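Take a look at this single chain in structure tokens; it is the form predicted on its own.
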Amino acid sequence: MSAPPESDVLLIENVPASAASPAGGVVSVWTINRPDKLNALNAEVNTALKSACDWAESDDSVRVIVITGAPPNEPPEGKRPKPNSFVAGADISEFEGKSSAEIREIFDDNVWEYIWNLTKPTIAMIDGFALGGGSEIALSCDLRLATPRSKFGTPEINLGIIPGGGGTQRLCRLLGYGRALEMVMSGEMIGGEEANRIGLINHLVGEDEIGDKTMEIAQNLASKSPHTIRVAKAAVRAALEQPFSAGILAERDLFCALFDTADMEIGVKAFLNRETAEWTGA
């Protein structure tokens, strides 16, 4: 396994995937580490996340990626603690004075698409604020787990702008036109329970259990054939990006192609013999 990129603003911990095959797989946990700024995105965080995506995509040992935010630091004596935050948006100070050409250069090579384009499963583990660009980080992941105290929103409208990291598109596909437009136009936050009710998250989990539940899901995904997981992700993505009839054909092509893989043979034989499949990843 290659060494992950190092950064003070993005901490990477690789947790062994106990049931992974081929052996040596890991669940890579990425913690955005700016707790005094509620883990807001800035140029340094964006660069670190993009480097981490390049590393994870190229390293076969990385089977699943979990993205989360650092918990708040202990406050100075006499001060109130800061709230929990996944990512409380972008660092707005970096927007001041920017022209459309300058901001386009940043957003044409943005962190949300790096995460979205990963072929490996991604999970957002959310405890606290997921606002603006932070909400878009969560939406760029495949799965989302959140606590009841989490808050989601796209408050860009209050700054005279709109979401620019794919939020309008991914919200619409996830929630439908009406709910997505209400979130974008109102700029209001919704809590974890409401996010769960409308399908914005996959699981609502208590603060004390969310780490264990996230790793349970990640370890399960890491136990599957890495190649078949990539194909499954590509097939479901086709539903977002192609008309229905074209998506059906894309699924059929991917399904049939798997019959020429070693892991398909391994999986079928293991099932018939009531054994645990030992994947090759091919």
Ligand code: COA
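No experiment lies behind these values; they were computed from the predicted model shown. One-based numbering along the sequence shown.
This protein has a second form, the form predicted in complex with the named molecule, left out of what is shown; the following refers to that one.
With respect to the named molecule in the model of the complex, the three residues I92, F95 and L131 uniformly fall within 4.5 angstroms at the level of their nearest heavy atom. Though the partner is left out of this view, V27 does not reach within 4.5 Å of the named molecule in the model of the complex, counting heavy atoms only. Shown alone here, K37 lies within 4.5 Å of the named molecule in the model of the complex, counting heavy atoms only. The shortest heavy atom separation between G206 and the named molecule in the model of the complex exceeds 4.5 Å.
Taking the partner from the other structure, the named molecule in the model of the complex has no heavy atom within 4.5 Å of any heavy atom of G211. Contact annotation: of the candidates P155, G191, P72, G166, the single residue with a non-hydrogen atom within 4.5 angstroms of the named molecule in the model of the complex is P155. Think of it this way: in the model of the complex, the named molecule has a heavy atom of just one of L181, I198, I106, L159 within 4.5 Å, and the residue is L159. Per the 4.5 Å heavy atom criterion, the named molecule in the model of the complex is contacted by stretch 84-92, the sole one of 198-206, 84-92, 168-176, 137-145. In this stretch, 235-263, not one residue has a heavy atom within 4.5 Å of the named molecule in the model of the complex; the partner itself is omitted from this view.
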